[in-house]
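Encoded as structure tokens, the following chain is the form predicted alone, with no partner shown.
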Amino acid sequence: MYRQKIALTIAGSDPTGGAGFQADLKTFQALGVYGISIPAVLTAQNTNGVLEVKEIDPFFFSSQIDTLLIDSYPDALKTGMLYSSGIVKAVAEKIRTYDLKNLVIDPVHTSTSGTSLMEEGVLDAMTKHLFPIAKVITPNMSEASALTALEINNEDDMKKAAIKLLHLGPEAVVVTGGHLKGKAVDILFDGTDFLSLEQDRIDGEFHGTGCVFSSAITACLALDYEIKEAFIKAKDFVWKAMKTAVTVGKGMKILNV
């Protein structure tokens, strides 16, 4: 009997649909995986940026997880915006309680427009409670720098950061280099080998690239791809979604997933 592959996203809500769990669900569907979701934080935002953030009540947040997971078991899951240390700890506890596998962590730190998307101490909580149980983490250059205290300006710096991040516990690290000068390069390190993928840079300002990339990896893991295969497919998926990005507001473009 065929069993539908399922992916879970625990992330922030983005009313534009370009990022957050809304973008994750669209990505899951585009890649043939059924998406389920739990909002961890609400935002008031549009294509120009984030105006306000409101955390979900921790008790209700935990209730959402329990209610969902006693009924559905995801083949993979990802975390996006987790605003507080309390939410991070609750996620880690539930992952262990329900023995969830294939955890992808997008350590969302700031929005594309520069707004902080987490309280102080959340990155430390992530490294302590979530990284050791993660399949892969997908920081961009800024997030990798915040996590490692390294200055990251080129591919060699990205590799140094990936090595340091792997020591925090995940099975693999992807550092995305969308802000590098020249071509867009992303680097995967699994403790043994580096895999670097590059694509021609696409002009314009885009919203939600990190969310779509990490959710594409999650979908591929749910479909039983190995990490390297998932990385390659996710890179290609995001590039194509950027090439056909749509304008839905007055600010950044939304990836077409």
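Fair warning: this is a prediction, and the values are worked out from it, not measured in the lab. The first residue of the sequence shown is number 1, and the count goes up from there.
Just so it is clear, the following notes concern the form predicted together with a small molecule, a form of the same protein that is not shown.
Contact check for Met81: a heavy atom falls within 4.5 Å of the small molecule in the predicted bound form. The small molecule in the predicted bound form comes within 4.5 Å of a heavy atom belonging to Val108.
In the predicted bound form, Cys220 stays away from the small molecule, with no heavy atom inside 4.5 Å. Among residues of the shown chain, Ala19 is one whose heavy atoms approach the small molecule to within 4.5 Å in the predicted bound form. Remark: none of the three candidate residues (Thr9, Lys26 and Ser214) comes within 4.5 Å of the small molecule in the predicted bound form, counting heavy atoms only. For the small molecule in the predicted bound form, the listed stretch (65-73, 203-211, 27-35, 188-196) containing residues with heavy atoms inside 4.5 Å is 203-211. None of Leu117, Ala92, Ala184, Ala146 but one reaches within 4.5 angstroms of the small molecule in the predicted bound form through a heavy atom, and that residue is Leu117.
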